[in-house]
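Only one chain is given next, in structure tokens, and it is the form predicted on its own.
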Amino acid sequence: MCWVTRKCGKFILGFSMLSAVNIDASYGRKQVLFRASISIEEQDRLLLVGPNGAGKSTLLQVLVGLLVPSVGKIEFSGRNISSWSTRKRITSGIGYLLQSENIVPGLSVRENILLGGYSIKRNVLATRQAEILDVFGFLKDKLDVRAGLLSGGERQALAISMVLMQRPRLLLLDEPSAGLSPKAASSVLENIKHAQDVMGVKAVCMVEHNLKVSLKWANKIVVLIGGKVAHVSDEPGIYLKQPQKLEKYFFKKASEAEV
């Protein structure tokens, strides 16, 4: 999808890496998303925020194909992927981290990493695993440890490494720092940023409630309220100094959201 941005007083024409336009999505009879639109461009570290029940996780599920919208269109790298299966989206370059139950606790760290590369050719697995361990170096000494014995931060790093085994160009993350200490949360986000720098990840879209940590990481923010896009900004840093400017959106009614 075409987009226009203003930089240094000039308007520049470009194309979104992924765009979702006018998405309606429901669970049974309960509609969750209402004409929601989002655009993700290369080098984006997009933070998707909003109150509980706003539709953030639902939007990620729509993007990766786990939930089929009743209305709307999704494009990835210039192709209409609205009818694609989840498997086809993942093997085409979209990685997705589940919010919970995203590792197999009874398997070793090594086995979990290899499980993440289930669709990779055998002769590539060792190279890909080595790339992962260069990013998550602290997992090297834990390869034979049962994954269920890892700390919370280590578990999330392992879960992300499993997603990265597919070498996605776009990474969708559903609350990667949920339940972690501030220090562990910061470490996870640093690892994500490092992966984006060295592993071919072109863009990241993340749902996160830990705003104090994630606003330092993000370069773009989208606020969902009642299943609608209420606010978009490419200057998330201003909300660290003036959090009240962001908090006001959390108290908006869905009927007041920008569409």
Partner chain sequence: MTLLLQLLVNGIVTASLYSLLAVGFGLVYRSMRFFHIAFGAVYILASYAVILMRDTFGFPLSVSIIIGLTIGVVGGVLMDRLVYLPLEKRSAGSGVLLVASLGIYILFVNLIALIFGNEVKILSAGIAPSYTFGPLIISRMQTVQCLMGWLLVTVFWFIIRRNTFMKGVWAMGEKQRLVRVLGLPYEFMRVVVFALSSLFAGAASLLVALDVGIDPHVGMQALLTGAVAVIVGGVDLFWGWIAGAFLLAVLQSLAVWQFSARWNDLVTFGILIITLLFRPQGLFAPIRRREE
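Predicted model, so just to flag it, every value in this text is computed and none were measured. Numbering follows the first chain given and starts at 1.
Just so you know, the form predicted in complex with its partner chain exists too; it's not on screen, but the next bit is about it.
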> Heavy atoms within 4.5 Å of its partner chain in the model of the complex: which of the stretches 200-208, 223-231, 33-41, 60-68 has them?
Replying inline: 60-68
> Does its partner chain get within 4.5 angstroms of any non-hydrogen atom of R169 in the model of the complex?
Replying inline: no
>> Quick check on G106: any heavy atom within 4.5 Å of its partner chain in the model of the complex?
In response: yes
> Looking in the model of the complex, any heavy atom of S181 within 4.5 Å of its partner chain?
Replying inline: no
>> Against its partner chain in the model of the complex, would I74 count as a contact residue? Criterion: heavy atoms within 4.5 Å.
In response: no
> In sequence order, which positions of 109-142 have a non-hydrogen atom within 4.5 Å of its partner chain in the model of the complex?
Replying inline: E111, L114, L115, G116, Y118, S119
